[in-house]
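Take a look at this one chain, the form predicted on its own, written out in structure tokens.
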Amino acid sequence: MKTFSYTVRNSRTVKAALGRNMADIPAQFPGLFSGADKICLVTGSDAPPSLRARALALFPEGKAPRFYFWLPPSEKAKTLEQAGQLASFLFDNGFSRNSLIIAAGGGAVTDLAGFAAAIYMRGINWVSVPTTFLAQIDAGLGGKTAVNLGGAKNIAGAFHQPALAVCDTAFLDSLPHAELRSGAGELAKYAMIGPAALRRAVVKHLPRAIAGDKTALTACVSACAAYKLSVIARDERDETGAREPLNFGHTAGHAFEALAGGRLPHGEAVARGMRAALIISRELRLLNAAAFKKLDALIDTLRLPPARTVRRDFNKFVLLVSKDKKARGADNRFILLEGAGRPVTAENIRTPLLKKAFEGALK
């Protein structure tokens, strides 16, 4: 087991544990768990028995009373109504500011449970336990918690760091190939925006990680999680610009998800969003033809299936990217690339270029 810690606002220390087949996390972090008067384990109602068994191995029952709350599957969990139901459950069962939430699941579970932890009694401790490849390298880390509104992703939310993030790659053993490919979309993002050492690690392990190789998956999780946590330590609340490149591919990606009615996996949506951003970068002459070809080939290695669920409604796409929370009052705002590891921001991309990127990303 590897442990990391980073300091955020108000000098608060956030801890992370990365490894495989870990057990009895409370014994490893007694300061967090010994003070909890009650614990609520939150996970998806569609969680397989293997996930629940692994979660119980990580967090065996102790002296504090244990409660369980089941969320609807996937993005259906990320609503204000569902956050209110979880908060009401905590209140009805006497949870206090000394209580603890453990969120075990994919990004939707950690987003919703973390948001509920942020608003309940103005903030209680929570533990993020991402159980999918995508969540372990990205969505389950960083303290961005949110729910969706009006078909748009993550509009109502809060920055609320978990007291502890636990990434156990044993959770990934039973994942189907489609989920590994979805997670690999975020993995390719790190290769494009990160430093050379991270890029080399991702490129080296990517094919075997998609195939489910345990060693490759663990190497990818360790490298990407460590990098993301180092970025968060410098820019917890996305105020200095250091964290903004982590949104590469997400402006168009979130729009594609909305156009698919939630039926396009997040990682695949981000991969297509990255392709849109690469096309814009090339057309604005930020990225030369050779660099574009090399980076676009990395997306090809993901072997994305046809995006049949995405409605080809360009006008709706333009509206969605304009409403994206990253737009900051502009017509639109994108993270683009001047080269591998060289992200830049651009605003007010013109409609003809947006259309070219929209069509190219969905081919």
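The first residue of the sequence shown is number 1, and the count goes up from there. A quick note: this is a predicted structure, and the numbers were derived from the prediction, not measured.
We do not show the form predicted together with a small molecule, though everything after this point is about it.
The closest heavy atom approach of A135 to the small molecule in the model of the complex falls within 4.5 Å. The closest non-hydrogen atom of P176 lies within 4.5 Å of the small molecule in the model of the complex. Using a 4.5 Å cutoff between non-hydrogen atoms, G107 counts as a contact of the small molecule in the model of the complex. In the model of the complex, the small molecule sits beyond 4.5 Å of every heavy atom of A55.
Shown alone, this chain has one stretch from 208 to 216, 287 to 295, 115 to 123, 151 to 159 that lies within 4.5 Å of the small molecule in the model of the complex by heavy atoms: 151 to 159.
Residue in contact with the small molecule in the model of the complex (any heavy atom within 4.5 Å), chosen from L304, L32, A47, A64: A47. Only one of K144, R275, R282, R181 comes within 4.5 Å of the small molecule in the model of the complex through a heavy atom, and that residue is K144.
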